[in-house]
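Here you'll find one protein chain in two forms, each presented separately as structure tokens under the names structure 1 and structure 2.
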Structure 1
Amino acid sequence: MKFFHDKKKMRGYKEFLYILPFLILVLVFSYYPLYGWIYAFFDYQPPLPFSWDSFVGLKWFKMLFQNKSYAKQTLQVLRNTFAMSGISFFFSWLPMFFAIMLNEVKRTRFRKFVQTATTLPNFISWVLVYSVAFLMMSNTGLFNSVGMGLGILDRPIDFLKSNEHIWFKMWLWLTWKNMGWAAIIYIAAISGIDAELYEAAKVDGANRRQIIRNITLPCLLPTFFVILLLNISNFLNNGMEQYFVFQNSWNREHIQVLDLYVYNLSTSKPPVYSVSTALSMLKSIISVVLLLAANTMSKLLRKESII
């Protein structure tokens, strides 16, 4: 009965019950599926039942680097993954810059309109994004129709089948879709800046550019560095949906990232579940290593831990 009279323990018990449903969801959807990693150590051939007689140890992990075909394909996929993640990483300051510029808009209605218009694409599926791209950039799309009508183009250009600058084009679509959503956290951080700082700066005669440079930007940098370090840990996680809908036989060599490659292996004929599982395992392990490295970097540079 003493437990129920101890307010501190009761409060801790209630707070634990609050987060318990979320812990269960994480266990069910994030940790329980890790049981599937076991297929990386077996020669599993669907639809045959799973059997311990087909245990092969590290065979598939070795084959990823020893088999010339798999090694070449893996290196090609890693090149694409690092290139696209590198472009996104290099321009990771854009959402912060967009949030600052949006905050400087004084007309409330126009600012809300821009924020809503730039955030809505995040809720559109990549299938619909590709539909928009097809309507605009296919042989009979808007760009070709206008270009042919104005005499700018002699013949239609199918931009979706072009392999040129595919990494940059994928980054542009990703930025269009996600920048408004990514800027929300910076907009929230700006709203949390002490208003007295701005008032004191105005009293001292600072203009808008000086206020941004000396108050807004320094207050946003801690948030930016945390997100930047988290992006380092997710360097290999490009996602699959975007590249899946945009891939074709003309651009596959440069658009196939690691997640898409794992999916293509598991859906090939015949499917190679074991190899795709081994590759997915390696990606997860590398991501954890990158997260720990980013956390160590945060401790050294910022004296703060992100995990």
Structure 2
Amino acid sequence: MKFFHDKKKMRGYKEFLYILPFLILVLVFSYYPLYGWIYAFFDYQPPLPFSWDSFVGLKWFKMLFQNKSYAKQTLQVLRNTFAMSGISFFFSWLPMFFAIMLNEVKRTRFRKFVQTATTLPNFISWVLVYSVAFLMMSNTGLFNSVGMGLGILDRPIDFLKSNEHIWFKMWLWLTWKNMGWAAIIYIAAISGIDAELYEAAKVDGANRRQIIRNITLPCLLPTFFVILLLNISNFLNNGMEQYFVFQNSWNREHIQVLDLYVYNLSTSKPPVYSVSTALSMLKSIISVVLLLAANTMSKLLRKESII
């Protein structure tokens, strides 16, 4: 009996050994970098060796909010981050709306065509999106040449080299890239709705608007709620790629979100590694807290966790 037990245990250890190399990879690339957070507490000058003499405590964290020029930057960056995430958050019902519109189309081929066409931009990198934007919207682009040709514009406008409506423009590009893809979840959810519900409604003489309002929409709300919560937990994580490729000296003031600011700090001359690390550390911690809060909310309201 004991032998049998040990054998089973042995098998468990052996299986663990199989996954050990992969666990080491995870430790090296996901956990080990966390050690770098200590640079946020030191006055670290890259070529010099690291020493305890340069320990500065919370100096960089305080500087982000107290030093005048830094505080101004921090405030500006926070405003941009909140504005861009806020606009996306406010319009997060759009993919659901699009999915409902698509579901109303009875011709399968047209529906397939729209779905295929609108998901394509999601698979294109941000660099390519910028390239498309450049070829459409710059002063030599399609928009200007057509506008000039038709006499609507009297001189070319470079839409990319301007600081106007930049938050809204960034949201538009984000929506162009992502909305078709984001709608797939809702399309799947719609196809999962019990067909009997629709039939019963039709027998009762409900019209289309009533069916959408009383059946489709309520069935989609749980999915929408999960997406909304995930959006909240990602409020600070806009990612930097989109804003990095679109940034230029005209729009920097309004395009710099937290992720981009962290990058720009670390590549500025001279680089301010410590401040950048302090900021990204703060951001990570707040994001995790937001995620946990969103999760708790989901557990309270839906009795189901999202992570």
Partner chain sequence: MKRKEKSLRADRRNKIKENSLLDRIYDIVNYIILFLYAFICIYPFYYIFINTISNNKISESGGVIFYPKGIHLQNYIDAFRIPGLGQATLVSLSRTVLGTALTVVTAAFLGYMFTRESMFKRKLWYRIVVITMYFNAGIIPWYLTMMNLGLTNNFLGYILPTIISPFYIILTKTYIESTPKEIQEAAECDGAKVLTIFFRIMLPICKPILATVAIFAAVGHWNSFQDTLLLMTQEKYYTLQFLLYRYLQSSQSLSSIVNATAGSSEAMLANAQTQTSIRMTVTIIVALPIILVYPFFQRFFSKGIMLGAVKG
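Along the sequence of structure 1, residues get numbers from 1 upward. Here the rigid core means the biggest group of C-alpha atoms that line up within 1.5 Å when the two forms are laid on top of each other. From a predicted model like this one, the values you see are computed outputs, not experimental measurements.
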item: Index of the chain form predicted in complex with its partner chain, chosen from the pair; value: 2
item: Core superposition between structure 1 and structure 2, C-alpha change of Ser30 at least 2 Å; value: yes
item: Distance moved by the Leu291 C-alpha between structure 1 and structure 2 (core-aligned, Å); value: 2.4
item: Following rigid core superposition, Cα shift of Lys14 between structure 1 and structure 2 in Å; value: 12.9
